[in-house]
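Read the single chain below, which is given as structure tokens and is the form predicted alone.
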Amino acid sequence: MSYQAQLESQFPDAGLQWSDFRDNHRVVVPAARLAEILTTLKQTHGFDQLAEITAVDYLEYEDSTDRFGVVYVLVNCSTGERLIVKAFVNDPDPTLPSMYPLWKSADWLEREVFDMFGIHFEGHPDPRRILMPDEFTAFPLRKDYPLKGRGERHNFPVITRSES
């Protein structure tokens, strides 16, 4: 039995949505079931590497009811198979459980998604900004972020070069 059939039988009420495109296998899972489904994929089905976490802002998409899609790219290192798992979260407080306990690679990946999109990962051991300075109060990859910024640069400390 394939992992898809096993997940369907193990989580019959989850409403998993499967799709394939050019050897990319994808599944959309409910945010409330994300941790247990990813745990099952790792422990039972051999997806032992978390290769990437990213997000998509669906603001103003006509057919979208959710604001953010958080995308996890899993790899089974024994077979080379990849699976893309997506869960949706919404404003005002987009939050998902941290996958750091399952995959240590989630550490910086979750921090990057937080820094760029403002999505929180509950239980993350070090939820500081990783790319933007601490003084930066916005999330630059959100679609409602103005192209010219919000004037944050005037809040940054000035760094001067010293002549030696």
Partner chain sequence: MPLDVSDFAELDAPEKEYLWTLNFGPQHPATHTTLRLVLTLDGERVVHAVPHIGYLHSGFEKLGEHLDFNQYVTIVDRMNYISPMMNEIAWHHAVEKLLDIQLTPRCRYLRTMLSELMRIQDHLLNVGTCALDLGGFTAFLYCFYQREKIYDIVEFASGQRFHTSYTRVGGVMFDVNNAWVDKVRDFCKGFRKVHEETHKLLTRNRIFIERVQGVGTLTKEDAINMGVTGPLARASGVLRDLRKDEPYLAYPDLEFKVVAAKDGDCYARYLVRMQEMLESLQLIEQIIENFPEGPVNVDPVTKAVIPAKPAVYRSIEGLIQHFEVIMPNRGFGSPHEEIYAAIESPNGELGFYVVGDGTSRAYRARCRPPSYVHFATFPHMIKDHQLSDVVAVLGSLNIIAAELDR
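If you superpose the two forms and keep the largest set of C-alpha atoms that fall within 1.5 Å, you have the rigid core. Residue numbers count along the first chain shown, from 1. Here the structure is a predicted model, which is why all the values come from computation and not from measurement.
In what follows, reference is made to the form predicted together with its partner chain, a form of this protein that is not presented.
Its partner chain in the predicted complex is approached by Leu141, whose closest heavy atom lies within 4.5 angstroms of it. Within this chain, Leu59 lines the site of its partner chain in the predicted complex, having a heavy atom no more than 4.5 Å away.
For Ala32, no non-hydrogen atom is located within 4.5 Å of its partner chain in the predicted complex, even though that partner is not displayed.
In the predicted complex, no heavy atom of Gly123 sits within 4.5 Å of its partner chain. Taking its partner chain as it sits in the predicted complex, the stretch 90 to 111 comes within 4.5 angstroms of it through a non-hydrogen atom at Leu102, Trp103, Lys104, Ser105, Trp108, Leu109. Core-aligned CA deviation for Asp134 between the shown form and the other one: less than 2 Å. After superposing the rigid core, the Cα of Tyr61 is displaced by 2 Å or more between the shown form and the other one.
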